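In the block that follows, a single chain appears as C-alpha cells, in the form predicted alone.
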C-alpha cells in the first residue's frame, strides 16, 4: 500500500543513476533487496549490465531489473532514460542520483574547462535528473541526490567539486519546495569519506587517508552499504514526512577540519623529486 492509499499493479520501479560502481551499485543492490525493480543507469553501460544482472530477484517479477546507458550531461539522454520505467505498471517510485566526478586544482590555476566539466556532471546532471524525476515520479514517491561533505566543508584544491555539491544541496531544497504539493519528496545524502572508484585516486596519495580518519570522530571511513541504507530509508514510507533534508553521513567529520589535500600532494611530489 502506498502513501496515496493505492496498491501498485506491478513492482515499484526505481532508477539509480551512476549505479555501475561504488555507492550507486550499493544503492541499486539495497533497493532491489527492498523489492524495487531497479534500472541501473550509467555512462558505462557494460558495467551497469553487470550490476543489474547480479541484483537479487524481485519476488513475483523475475527479470524485472534493467541496465541502461546514460550521459547525465545530455538532456535527451536523461529524458530517454525515464521513458520506459515511468510507463511501467508499478510506477516510478524512487530516483537516486549518484553520478559524480571530481578534479584537483587551485582556484588560481584550475583550467576553466575542467571547472565546467565538474559542474556539468555534478550540478547540471543533477538538475537534469531532478527535472525528469519531477515529471515522472508518482505521488508518494521520492528522489535522493548524493551530495558530499564538501557541500558544506571546503577543501583546498577542490573548488569545482565543492561548488558543484553545494549547488546540488541547495537545488535539493528548491526541488523539495516545488514538488511537495505533488506529493514527491526530495532529499539528499552527503557522505564523508567512502572508499570508491571516485575517491580511490586521492587515497593513493600518502597521508590522505590517515588525515581523513584523524578528522572523523568515529575514526573510520564509511562504506557504500551504509550510504545505501540511508538512501533506502529516505525513499521508504518511514521517512514520509521528510523532505528538503541534506543528511550528513560522515562519522562526524563535519565537526572537524577537511584534510590538507594540496599539502599531501606537495609532499608526495617533493619526495618523488628527491
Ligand SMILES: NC(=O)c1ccc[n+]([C@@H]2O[C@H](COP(=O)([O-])OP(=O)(O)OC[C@H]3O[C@@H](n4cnc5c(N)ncnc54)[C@H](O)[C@@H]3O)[C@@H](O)[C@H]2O)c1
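Computed from a predicted model, the values in this text were never measured in an experiment. Residue numbers count along the first chain shown, from 1.
The same protein also has a form predicted together with the named molecule, omitted here; what follows describes it.
J.: Only one of 184-192, 103-111, 130-138, 171-179 has heavy atoms within 4.5 Å of the named molecule in the predicted bound form; I'd like to know which.
T.: Correct option: 184-192.
J.: Is residue 75 close enough to touch the named molecule in the predicted bound form, meaning at least one heavy atom pair within 4.5 Å?
T.: Contact check for residue 75: no, nothing within 4.5 Å of the named molecule in the predicted bound form.
J.: Just to confirm, residue 201 within 4.5 Å of the named molecule in the predicted bound form by heavy atoms?
T.: It does not: once the named molecule is placed as it appears in the predicted bound form, residue 201 has no heavy atom within 4.5 Å of it.
J.: Report whether the minimum heavy atom distance between residue 118 and the named molecule in the predicted bound form is within 4.5 Å.
T.: No.
J.: Using 4.5 Å between non-hydrogen atoms, is residue 95 touching the named molecule in the predicted bound form?
T.: Looking in the predicted bound form, residue contacts with the named molecule do not include residue 95, since no heavy atom lies within 4.5 Å.
J.: Just to confirm, with a 4.5 Å cut-off on non-hydrogen atoms, which of 259, 11, 251, 22 contacts the named molecule in the predicted bound form?
T.: Residue within 4.5 Å of the partner: 22.
J.: For the stretch 142-168, which residues lie within 4.5 Å of the named molecule in the predicted bound form by non-hydrogen atom distance?
T.: Residues within 4.5 Å: 146, 147, 148, 161, 165.
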